[in-house]
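Given as structure tokens, the chain that follows is alone and in the form predicted alone.
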Amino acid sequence: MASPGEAATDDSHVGKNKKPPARYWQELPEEGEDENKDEKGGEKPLPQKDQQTQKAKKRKQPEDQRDGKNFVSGKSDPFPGPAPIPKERVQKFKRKDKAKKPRHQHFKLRDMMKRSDEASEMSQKQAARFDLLLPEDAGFLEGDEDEDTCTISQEDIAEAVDITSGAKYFNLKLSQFGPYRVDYSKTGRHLLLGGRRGHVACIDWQSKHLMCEINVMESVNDVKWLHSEAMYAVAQKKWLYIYDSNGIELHCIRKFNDVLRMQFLPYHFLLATASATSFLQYLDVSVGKEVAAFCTKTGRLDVMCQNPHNAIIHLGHPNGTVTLWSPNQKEALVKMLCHQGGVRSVTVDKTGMYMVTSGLDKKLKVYDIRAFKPLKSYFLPAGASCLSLSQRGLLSAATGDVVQVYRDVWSAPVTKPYMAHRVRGSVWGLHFCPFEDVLGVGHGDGFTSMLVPGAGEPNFDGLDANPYRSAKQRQEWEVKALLEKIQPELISLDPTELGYVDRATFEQRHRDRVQALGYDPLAKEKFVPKYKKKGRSSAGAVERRKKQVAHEDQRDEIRKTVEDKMKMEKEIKERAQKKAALSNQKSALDRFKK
């Protein structure tokens, strides 16, 4: 047995913590071994400094990369990564196809195109994800078993819905100055009424607050909101007038006389008017100037609507035709024979694909504007005097004092109306309220606000038309809209053609250029200079190298043309010399010359 002194000598701690430095020729410890364990298998106590360093490393290590697994709140995530998006929803928000990359392109252009494609793809996916978060869904009216929805009255609907929605059904009895034209603002918040006998009123119809009420003391043919609820236009008996929301007259435009119908193009700031003298006129309300004026030579123009997709004006005429007009052309873009009698009303859906017309032949026709062909034709016993299409594709048609609403008129044959309602007097104006399930009806006894479930778009774009915006937000939106105003020269039947290259014009100019130069400059591939460093690839140096190579490529053609010119000049000189030599020779007949 060892003595206490020997045991103390053997268990000395000096030099135990020190290790010789590792050398590259020595074998490394295997991966399975733990350096923190001593020879006896027990764990070595780490110094306090090493423990703090190890804890800091653990904190720095991202949670989703520990041991190659994803962790959420200390547990592994069963669904790692972003949630998948259905392809149909992504396709709904697709903006453009990926740009085709040319074979030889500058590195800056390549990076810019790549960033543009990535931003477009990211915004497309974000819009598809946020589509799930939209607060409202569109719903339609559904009856019980063996019950037609057209038999459900407005009173029953108002009692069944909540208090806020039920308050949207109301009647305004204004029998003294009717019948009335109706127009809602772009946000759907404000209502404009214009009575035939001079009564004009602006109402915040949701809060029932009367903004202004005036009598212009002459007949009113039409009323229309302008770019915001602060201004509106009134087509009176003689001239066109502009008023503000307080009823103060701002302008009297005497160039626009005998106006019957009006349409406002919100993204172009253009007010289009149709007059009894067969004139179609465009007024730029941002600067107060007349942009265009055409004489259609088709008689009285009392049927008018606009295509919201491309800002084309549709006019109905007494001879049964519908014409399409743009401020860039003095003649009609398209003339369509739609009815055997006169056209009573025209309307176009917001996608710009379908047009619905009604005529004196008591027919209601649906046309595909892309092909200018009829899709459906319906016979109404009394005909339809007014038509209006909602944001969700519901069609309202007024026959006398009855308003009927139809659903899916262009996708499937319709046998009965979706809803029906009778008003007190003949209908003179119909208009669906944007972003609300409400149909405004102007008639001889005043105004009626109908509840039409499924008519309005449930979710609005706050940057374009926000019903809840403040006065400051409206002012900022107005400034931005003026800066982004589209010029009237860009109005065309196909708005997508602005982004295309006119191949026919390019080929014709190329042929003219080849004919003028005598050779095809695009026959060979263009020379792309090699990128050099140290400032030798500046724009000027690159152009000089391009010109030098181009001159070398064209040297043969230039040499040929120069040789041909020299031959021609030589031949001309030889002919001139021959003529001179012949003229210098003396003949026997020269003696008779005086």
Partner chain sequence: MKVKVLSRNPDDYVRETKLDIQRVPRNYDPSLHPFEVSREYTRALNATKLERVFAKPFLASLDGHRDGVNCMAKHTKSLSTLLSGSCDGEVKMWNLTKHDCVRTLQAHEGFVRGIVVRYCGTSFFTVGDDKTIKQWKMEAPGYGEAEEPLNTILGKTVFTGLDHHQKEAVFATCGQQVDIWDEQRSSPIRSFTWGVDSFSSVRFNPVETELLASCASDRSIVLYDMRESAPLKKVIMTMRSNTLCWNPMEAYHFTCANEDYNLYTYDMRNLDRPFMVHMDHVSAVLDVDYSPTGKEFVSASFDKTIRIFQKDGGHSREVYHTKRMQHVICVKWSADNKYILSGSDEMNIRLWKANAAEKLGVLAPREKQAINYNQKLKEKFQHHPQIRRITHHRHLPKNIYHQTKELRIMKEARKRKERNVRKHSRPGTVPVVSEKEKHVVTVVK
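Quick caveat: nothing in here was measured; it's all calculated off a predicted structure. Numbering follows the first chain given and starts at 1. We call the rigid core the largest set of C-alpha positions that still match within 1.5 Å between the two forms.
This next part talks about the form predicted in complex with its partner chain, which is not shown.
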Please determine whether residue 76 contacts its partner chain in the predicted complex, using a 4.5 Å cut-off between heavy atoms. no
Taking its partner chain as it sits in the predicted complex, is residue 372 near enough to touch it, meaning that at least one heavy atom pair lies within 4.5 angstroms? no
Is residue 423 one of the residues lying within 4.5 Å of its partner chain in the predicted complex, judged by heavy atom distances? no
Is residue 350 close enough to touch its partner chain in the predicted complex, meaning at least one heavy atom pair within 4.5 Å? yes
Would you point out which of 176-184, 285-293, 77-85, 456-464 contains residues with a non-hydrogen atom within 4.5 Å of its partner chain in the predicted complex? 456-464
Of the options 111, 507, 118, 142, which one has a non-hydrogen atom that comes within 4.5 Å of its partner chain in the predicted complex? 142
I need to confirm a contact call. Of 92, 511, 330, 503, which residue comes within 4.5 Å of its partner chain in the predicted complex, counting heavy atoms only? 92
Does the trio 436, 483 and 496 actually contact its partner chain in the predicted complex, every residue with a heavy atom within 4.5 Å? yes
What are the residues of 158-175, in order along the chain, with a heavy atom within 4.5 Å of its partner chain in the predicted complex? 160, 161, 162, 164, 165, 168
If I superpose the two forms on their rigid core, does the C-alpha of residue 90 end up displaced by 2 Å or more between the shown form and the other one? yes
2 Å or more on the CA of residue 155 between the shown form and the other one, with the rigid core superposed, yes or no? no
For residue 399, is the CA shift between the shown form and the other one at least 2 Å following rigid-core superposition? no
